[in-house]
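First, one chain by itself: the form predicted alone, in structure tokens.
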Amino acid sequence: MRLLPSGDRALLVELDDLDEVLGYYTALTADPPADVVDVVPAARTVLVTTSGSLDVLSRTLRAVTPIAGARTAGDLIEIPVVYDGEDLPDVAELLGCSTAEVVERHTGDEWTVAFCGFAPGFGYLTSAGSWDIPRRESPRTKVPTGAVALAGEFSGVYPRESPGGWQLIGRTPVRIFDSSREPAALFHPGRRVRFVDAGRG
């Protein structure tokens, strides 16, 4: 673990891998230290903002022990998906299997929201499964709201129409982000997600 200053009110905690990030974030948020304003996980880091002293925060952060098995610690939400994405055949070819097997793998895995970013409500979901899906060579200028996609080791759901280069495998009617709802975002770090095959729609 390495601590790096980020301005005069935050420290960036560098960790070895995503599992350690999930464990560290879970431990830190289970018992938030005094004066901590915000905790933001990413793929290999956790940014911690404080209203107090960075020296005190540094000592506190160094004492945090990541919780093992954090991928399975959060609450579970089910997301229905119609698996008719434009890139589903390409993903099947990349994996050397049928489109039905891609759906079976995607629904068979339990996913965990590792971190959020890119757009409000967009969660980067990871699983214990073996996924390594390259992004599209040419990103789309418009990906529809609710598109379910894969890229690298992650799955995600586009919360609104936006450009994107992930491989589209399906769509969900569930509003992942709704500013009129409390909370607005369905996905938050640590939440577990299970995708459910909703048929052809």
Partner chain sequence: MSSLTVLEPGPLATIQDRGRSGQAALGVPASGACDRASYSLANRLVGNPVGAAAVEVTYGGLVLHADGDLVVAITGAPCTGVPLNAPTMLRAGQVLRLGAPASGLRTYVAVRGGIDVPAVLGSRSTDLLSGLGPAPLVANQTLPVGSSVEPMPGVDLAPVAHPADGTVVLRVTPGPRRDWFTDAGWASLVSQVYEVSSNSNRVGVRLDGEPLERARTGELASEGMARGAIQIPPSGTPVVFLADHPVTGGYPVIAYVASADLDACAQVRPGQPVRLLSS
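Numbering follows the first chain given and starts at 1. Since we're looking at a predicted model, the values are computed, not measured.
Missing here is the form predicted in complex with the partner chain; even so, the following discussion is about that form.
- With the partner chain omitted here, the record of contacts in the predicted complex names 118-126 of 89-97, 102-110, 118-126, 76-84, defined by a heavy atom within 4.5 Å.
- Out of the listed residues A151, A42, V174, V143, A42 is the one that sits within 4.5 Å of the partner chain in the predicted complex by at least one heavy atom.
- Interface membership of T49, defined by any non-hydrogen atom within 4.5 Å of the partner chain in the predicted complex, is confirmed.
- Although the partner is absent here, D16 sits far enough away that none of its heavy atoms falls within 4.5 Å of the partner chain in the predicted complex.
- Within 4.5 Å of any heavy atom of the partner chain in the predicted complex lies no heavy atom of A68.
- In the predicted complex, no heavy atom of R136 sits within 4.5 Å of the partner chain.
- Residues are counted as partner-facing when one of their heavy atoms sits within 4.5 Å of the partner chain in the predicted complex; in 178-198 these are S179, A184, A185, F187, H188, P189, in sequence order.
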